[in-house]
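Before any questions on how it binds or moves, here is one chain, the form predicted alone, in structure tokens.
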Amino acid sequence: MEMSKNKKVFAVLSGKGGTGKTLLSVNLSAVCNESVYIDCDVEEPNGHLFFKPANVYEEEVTVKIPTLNSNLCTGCRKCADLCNFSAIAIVNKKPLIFEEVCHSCGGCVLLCEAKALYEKDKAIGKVQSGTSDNVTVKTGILNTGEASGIPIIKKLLKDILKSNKITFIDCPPGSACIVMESIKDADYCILVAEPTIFGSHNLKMIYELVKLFNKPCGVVLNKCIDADNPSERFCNENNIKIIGKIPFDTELGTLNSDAEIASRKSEKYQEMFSSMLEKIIKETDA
């Protein structure tokens, strides 16, 4: 489905995991004629399980970590005094570097007058690119135990503004720095929320985040039943556009749990997600 002549970048967010963020972003990607799906949930990526991409290309992501040449070190301890992350301690008048908490700022290397510190590459994860029918699938994978996935997200989004296809960013859950990095180049944010008090609290959290970035946004309400919906009430009270509602549906839940793309398996769901996409495009074209 060709929705717009102009390429758009949509970020799909949720206040916590399990709200349906990947369900929505995968199916919106699938109903386009051509699209790019980027999984920025680098700690637990799962979009590729649905798309099962072919022709996968993999690239390692590295960061710069300081390394000590002890023969040159004078024991001045300036590097340890500089580090705000306690990644350097002085032991027996020599720096001891804790790679796990280093933020790769490079300040200690620049500061070292004796040139005793130099940088080496450390692998923290990888990015994978492949195709699934009409969708280009890009996935970031953070190695277990690494402190930050931001370098991987930067790698994933490096060429995002050059793309001429509609792009969907499946963001990490919550509102931490990795989420901020994921949405900074988005044209429009789609917030996914559950119909509970807890869901409305998480919706409020990510709504405040996208307001901070001055991003236009709308909400998709997931797992809807015929009952009071605190998240819908929050939207109405704050004049937030509700893009659509996904029902609490056994068939949809089964397809999703089987890692199937519902819009490719059922005309009913193809129409539902296409309708949502049309509304989103109208919001951004307005």
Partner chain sequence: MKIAIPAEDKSMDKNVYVSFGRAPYFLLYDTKTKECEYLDNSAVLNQGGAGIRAAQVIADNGVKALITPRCGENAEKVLSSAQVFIYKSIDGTIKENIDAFCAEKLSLLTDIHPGFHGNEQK
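Owing to the predicted nature of the structure, the values given are computational and were not obtained by experimental measurement. Numbering follows the first chain given and starts at 1.
Below, we turn to the form predicted in complex with its partner chain, even though it does not appear here.
- Taking the partner from the other structure, its partner chain in the predicted bound form has no heavy atom within 4.5 Å of any heavy atom of D159.
- In the predicted bound form, no heavy atom of T74 sits within 4.5 Å of its partner chain.
- For the chain shown alone, C83 is a contact residue for its partner chain in the predicted bound form, at least one non-hydrogen atom being within 4.5 angstroms.
- Under a 4.5 angstroms non-hydrogen atom cutoff, its partner chain in the predicted bound form lacks Y118 among its neighbouring residues.
- Just one of L212, I197, L110, V91 comes within 4.5 Å of its partner chain in the predicted bound form, counting any heavy atom, and that one is V91.
- Exactly one listed residue, out of L96, A123, A176, A114, brings a non-hydrogen atom to within 4.5 Å of its partner chain in the predicted bound form: L96.
- Stretch-level contact analysis of 75-83, 203-211, 133-141, 180-188 against its partner chain in the predicted bound form, using heavy atoms and a 4.5 Å limit, identifies 75-83.
- With contact defined as any non-hydrogen atom lying within 4.5 angstroms of its partner chain in the predicted bound form, the contacting residues in 100-114 are E100, V101, given in sequence order.
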